[in-house]
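Take a look at this single chain in structure tokens; it is the form predicted alone.
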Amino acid sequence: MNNLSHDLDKRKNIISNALNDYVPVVFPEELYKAARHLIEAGGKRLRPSVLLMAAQTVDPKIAIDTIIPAAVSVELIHNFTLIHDDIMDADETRRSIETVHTKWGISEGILAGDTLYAKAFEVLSYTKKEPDKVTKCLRLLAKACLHICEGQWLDIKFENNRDVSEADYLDMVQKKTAVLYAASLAMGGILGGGTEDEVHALWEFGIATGISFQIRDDVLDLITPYEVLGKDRASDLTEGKMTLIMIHGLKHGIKLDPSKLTTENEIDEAIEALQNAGSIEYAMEKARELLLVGKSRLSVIADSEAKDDLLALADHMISRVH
């Protein structure tokens, strides 16, 4: 993990510096301060980092500066989704700070998110690669955004719906979370000049590991204190979200009413019931299965340091503590 951490830190710094260049605070200043609020709060920069890694797996000698705009674009889309997601979930904190709509207002939060969305496609167009490759990436990212909207719609409709199946959940998570991760990897493969098989393998790796990442997120939402997680604990439970954990729990006789989970004591008892039913471990086992599937997809790509980083990152994604 030490080598991976070092490599991720290097890529994170490159992306953070580029974000400052491509998304400066201009007039009206408060709009851009709101748009940059979560960006400045940090974040792992995983999606832009895996785009760079994917490009390096298919072309180890690629000039990173030529594809930085593409990496920045996926990070902007990610932060756009966070701002709007926080509005829809009425969350007050993220990354240990106030959410954008809490600090500036709901209307202002919507505009801040929309600004990042528009900026993402402008920045992507600055990528210094062949026009046909950039066009493919533009199309791919636009389609990913459509899938994200579909997934978010499903997530909202699933709240307090006790008939959601495991297949329904996995489809929703693929659209809402995994697709942007997969698109980042596929975009890196395209810009690196990868073959159709290599780009498809990167996409499939992203889908499988992206779903496992979200399952781990669902687990962390329950077991991690606010001080570590940086956002409201057990929000999935109190909002009635149908996660894989909840679906398994309901099948095994666990009955939870979100409206009655108002105190820490009640939340702790609900989590204990899900643990005793094996629901949390069931979710983690599913995440581990998907991880193995995802890693196997990269067998068509030649071994390299960047590929090793992708595989190591996949392992980290389901063992992380925040």
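In case it trips you up, residue 1 is the first one in the sequence shown, and so on. Quick caveat, the model's predicted, so the values are computed rather than measured.
This protein has a second form, the form predicted together with another copy of the chain, left out of what is shown; the following refers to that one.
Another copy of the chain is not drawn, but in the predicted bound form it has no heavy atom within 4.5 Å of residue 65. Shown alone here, residue 171 lies within 4.5 Å of another copy of the chain in the predicted bound form, counting heavy atoms only. In the predicted bound form, none of the heavy atoms of residue 278 sits within 4.5 Å of a heavy atom of another copy of the chain.
Of the heavy atoms in residue 42, none are within 4.5 Å of another copy of the chain in the predicted bound form. In short, of 68 to 76, 147 to 155, 182 to 190, 240 to 248 it is 147 to 155 that has heavy atoms within 4.5 Å of another copy of the chain in the predicted bound form. Of the candidates 293, 254, 261, 31, 31 is the one whose heavy atoms come within 4.5 Å of another copy of the chain in the predicted bound form; the others do not.
The partner is absent here, but in the predicted bound form a heavy atom of 138, alone among 97, 234, 82, 138, sits within 4.5 Å of another copy of the chain. Along 86 to 121, residues 87, 88, 104, 107, 108, 110, 111, 114, 115, 117, 118, 119, 121 each place a heavy atom within 4.5 Å of another copy of the chain in the predicted bound form.
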